[in-house]
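Below you will find one chain, with nothing else, as structure tokens; this is the form predicted on its own, and questions on how it binds or moves follow later.
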């Protein structure tokens, strides 16, 4: 039974200059503000209210998202429409959205990671409504929201979860999405040649995966038992790990889309589009392929480096002066493991690029050990200091002077007669022990290959 999965991903726009709602001047402070405090007659649907012109920054951020997803941008006018439905979370009785019958989206016919993007658009978020208590919080009403709609090109839960995770990586490149406000996805699942079922408002990557797995199994069991599937809307209960029927699926005509009479059409000018294109970086998908083809990186290293724009930029800056694979290992294996251990994000750490360049250069020239480099990184993420001065002060350069190392090796051999005896009996690990003792005495700065050869010669 072939499974087809499509997504409608809803994400909050990250605003940096004009941090207000889409059609009014109320501040966006949804998480911290007390309920129903960031509101006005416009976002609460008071009689006679009229929307302000759309938040320009939010609209241009939507274009950035469209471009990073390889979408086309319409040349003609873009209209906001009224999407009618009667729920308490919509104070006006309709949602203002760039979608619906006869609409022209912000971006169309895109593609990301082999999944076709049907269209993406901008709309206002409804209020937060608790159907059990009936309580409505309008702080969220009117916050700018981006919706990305895919074709049903995904085939299983793991592929879908991975695609959404990669989507978030791509959107982080343009810094247009507020990750702190979370993600909401409507997941469309159907077994080929059978009606589509929509699972509404799934709110995490883990829940997207689990909801798909349950729904696929539910549909398969129904078909095997001879039941007919119906087109419907369901919700995911993460406590019971099941999907529950909400209502039978509405069609576009049920929403009675009409152009919003209180808002003018928007025309994206050629100059405006060119200006936005200049600030949209290369996509992580393209960057990953380039890292593999141009720099001959392992696919896994290219994937990790391209997963974060800052990390990718650091990598490409450092390799101008250092060896490519050494730099990749320094960043992927050492830096990220230190950051993960301390639960830090690279964006929140004050890393001096010159220090990282110097570390990579010293490693490339085999002047410090990997162990020394990692110990320096552990200190470097805590506070900034001169790596060059630190290495000199603590005498951390690799020691390759054979006469000096031979003296230390002789001392270690003298202090460890049991290990000598074990080695002569053929126990190879005894040699590793002796090398380790020399490394300890030199604080990890001895050249391990030279030490290994010296001890063998002395024995």
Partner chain sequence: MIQEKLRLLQSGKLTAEQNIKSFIDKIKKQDKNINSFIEVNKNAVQEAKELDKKKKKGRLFGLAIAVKSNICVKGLLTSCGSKTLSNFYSPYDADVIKKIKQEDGIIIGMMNMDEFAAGSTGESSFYGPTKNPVALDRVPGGSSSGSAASVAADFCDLSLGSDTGGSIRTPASHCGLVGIKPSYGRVSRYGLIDLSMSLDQIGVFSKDVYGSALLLNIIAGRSENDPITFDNEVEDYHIEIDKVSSDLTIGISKNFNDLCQDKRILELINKKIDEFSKKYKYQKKEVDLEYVKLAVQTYYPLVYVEFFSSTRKFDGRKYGFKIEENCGEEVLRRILGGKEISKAEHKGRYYRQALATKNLIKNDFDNAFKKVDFIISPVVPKLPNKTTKKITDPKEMYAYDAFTIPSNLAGNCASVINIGRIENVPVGLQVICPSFKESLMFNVLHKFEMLK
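This one's a predicted model, so the numbers in the text were calculated from it and none came from an experiment. Positions refer to the first chain, counted from 1.
One more form of this protein exists, namely the form predicted in complex with its partner chain; it is left out here, but the text below deals with it.
For the candidate set 210, 357, 84, 194, a heavy atom within 4.5 Å of its partner chain in the predicted bound form is found for exactly one residue, namely 84. Think of it this way: in the predicted bound form, its partner chain has a heavy atom of just one of 408, 431, 33, 52 within 4.5 Å, and the residue is 52. The three residues 283, 336 and 341 each lack any heavy atom within 4.5 Å of its partner chain in the predicted bound form.
Although the partner is absent here, residue 135 is not a contact residue: none of its heavy atoms lies within 4.5 angstroms of its partner chain in the predicted bound form. Under a 4.5 angstroms non-hydrogen atom cutoff, its partner chain in the predicted bound form lacks residue 416 among its neighbouring residues. Although the partner is absent from this view, residue 102 contacts its partner chain in the predicted bound form, with a non-hydrogen atom inside 4.5 angstroms. With a 4.5 Å cutoff on heavy atoms, residue 261 counts as touching its partner chain in the predicted bound form. Here the chain stands alone, but in the predicted bound form its contact with its partner chain, taken as any heavy atom within 4.5 Å, falls in 39-47 among 39-47, 387-395, 419-427, 59-67. For the partner-free chain shown, 88, 91, 92, 93, 94, 101, 102 of 88-112 come within 4.5 angstroms of its partner chain in the predicted bound form, judged by any non-hydrogen atom.
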